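Quick setup: one chain, the form predicted on its own, written in structure tokens, and binding and motion questions come after.
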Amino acid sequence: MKDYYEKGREIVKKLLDNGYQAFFVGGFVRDFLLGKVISDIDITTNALPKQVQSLFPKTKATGLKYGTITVFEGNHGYEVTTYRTDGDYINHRKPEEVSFSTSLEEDLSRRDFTINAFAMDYEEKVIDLFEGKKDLENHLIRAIGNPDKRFDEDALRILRAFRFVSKLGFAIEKETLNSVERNINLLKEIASERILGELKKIFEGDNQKTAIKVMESTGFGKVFPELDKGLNLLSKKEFVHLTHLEFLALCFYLDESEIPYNWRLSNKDKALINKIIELVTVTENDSYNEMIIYRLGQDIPLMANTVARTLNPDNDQENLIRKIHHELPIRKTCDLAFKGQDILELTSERNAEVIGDIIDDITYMVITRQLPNEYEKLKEFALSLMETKYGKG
């Protein structure tokens, strides 16, 4: 991380040496002041995008419309953005147009929360125009200016407030919180991909329990009724730590619904959520067994178990899942001592479906420990099976 920061300082210094203003900005400065691990470094400058590109050998125009150029130094990328002011926002999400500015103050005043509106110069002097340090000390998330205006501009800021509750353990300042409740319905206008992105970050935070309570109390579940039962349940739990996909699986399970079409999840995530729901249902009154763990591996059953024990703390099979996985005699079909290729070499059988069925039977016998994973034993079983089941030898 030290190298990451020092390379960032080099970018700031180069901009300064060429007659431009340049500051570290936003969440990086907040986390720097809090002594937290730094994940992203953003820089703001009065240099225009083309001027930024001309100064650095390796860049990419990742957000040219909004004045953002990513500058690459070593193995790191840094977003360098020209001071800007935002025009009218459309669809409660993005400004219709932006204008580049020469004023740091104008640039900082368009941001969401006071604790995200810091700037820091090369000498590590912090510019705090909105009493963000005071809010940091008091562990408060406060909108800059009129919170209704901030949320009307970009409704996703509501979820960002929940995210910072989860990440930092801060409370939302009273007027800002009241505004969240007044404006929560604006989230209906936001693309589900954006909402899913913020939910993922909310459920990655160490203080997700607190964030869930705030989400529940401000009416998030009323905006998305399919999540209401899950949110309500979690808000009453003593300890909560789910991923966002486990959260969605819990919600859809309780809602007894298919994944709603408006949640534009990837096919992979949909399949995972549906598999979690299936496992929660199947293991509600039964234990995990070797075949489930063999077919699915350890991770998906553990996710399903997290959901299951959230529903019923007495139904916690984590130790059993891990034990079965650890003791599996094989993890994949290719681990078998006797394979389909052996059938081809030893017999005249060429029907792929028949060979596949035999290998499935062998796999079951090995997984359930009815046969050892030994070539001769499996060969004998396979040849016997071909004769009795298919009349072939």
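Predicted, not measured: the structure shown is a model, and the values here were computed from it. The first residue of the shown sequence is 1; numbering continues from there.
What follows is about the form predicted together with a small molecule, which we do not show.
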If the cut-off is 4.5 angstroms on heavy atoms, which of these, F151, F247, F164, Y83, is the one near the small molecule in the model of the complex?
F164
Which pick from D342, D335, D42, D357 sits with a heavy atom within 4.5 Å of the small molecule in the model of the complex?
D42
Only one of 272-280, 230-238, 153-161, 69-77 has residues with a heavy atom within 4.5 Å of the small molecule in the model of the complex, and that stretch is 153-161
Within 4.5 Å, heavy atoms only: does H325 come near the small molecule in the model of the complex?
no
Can any non-hydrogen atom of T176 be found within 4.5 angstroms of the small molecule in the model of the complex?
no
Can you tell me whether K209 touches the small molecule? I mean in the model of the complex, with a 4.5 angstroms heavy atom cut-off.
no
With heavy atoms only and a cut-off of 4.5 Å, decide whether E226 touches the small molecule in the model of the complex.
no
